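First, one chain by itself: the form predicted alone, in structure tokens.
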Amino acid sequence: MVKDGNNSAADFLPDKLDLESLRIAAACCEGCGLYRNATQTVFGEGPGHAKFMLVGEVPGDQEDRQGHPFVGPAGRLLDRGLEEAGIPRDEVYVTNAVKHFSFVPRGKRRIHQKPTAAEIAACRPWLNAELAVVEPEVVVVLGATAARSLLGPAFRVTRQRGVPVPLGERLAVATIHPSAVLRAPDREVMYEGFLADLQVAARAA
């Protein structure tokens, strides 16, 4: 059993790698310190062999409370983008690079905090296992934290978004996170760029 909260999810991986076994095992993960304050593990959801895997950054407040990835306004915007890009929702597996909510309390609110490099690395075994089980053709990388986890610290979403790059035996396409679109003062312009990147991913498959 991990006691200091600064180890790795690898210590909690099940012997049998399938989505149900992974989801059950991840619920008990203490591979980094984020588990201490989060409500629950937010694991990925979707078909067992999806054509597309979408990897976000870290669960938000509503995801943490409900236990599902991409709920709330960002999830609705993502659904809109997928539909307009021609990516069937039933061919998509959605997950996050980090499975526990990272936040700082501010009064009664919980303010999202970017996970550390150590926390991202500690959670990577879950993401590796999801990739191995789901075997997607295309991975859509949503935001800087997901890009760091999957494509390395030198990758910059702002400079390299919308371009298919190799990721093992599959392709990855990076773009901004839907929440960044919602925060932008020029939301429609940002959304059009986001949609264009999703259309690149659709063509890559």
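Residue indices: 1-based, along the sequence shown. This structure is a prediction, so every number in the text was calculated from the model and none was measured.
Just so it is clear, the following notes concern the form predicted in complex with a small molecule, a form of the same protein that is not shown.
**Q** Would you mind picking out the stretch of 83 to 91, 128 to 136, 103 to 111, 67 to 75 that comes within 4.5 angstroms of the small molecule in the predicted bound form, counting non-hydrogen atoms?
**A** That would be 67 to 75.
**Q** In the predicted bound form, does residue 44 have a heavy atom within 4.5 Å of the small molecule?
**A** Residue 44 lies outside the contact set for the small molecule.
**Q** Flag residue 58 as yes or no: does it have a non-hydrogen atom within 4.5 angstroms of any non-hydrogen atom of the small molecule in the predicted bound form?
**A** Answer yes; at least one heavy atom of residue 58 falls within 4.5 Å of the small molecule in the predicted bound form.
**Q** Is the gap between residue 177 and the small molecule in the predicted bound form 4.5 Å or less for some heavy atom pair?
**A** Yes, contact at 4.5 Å.
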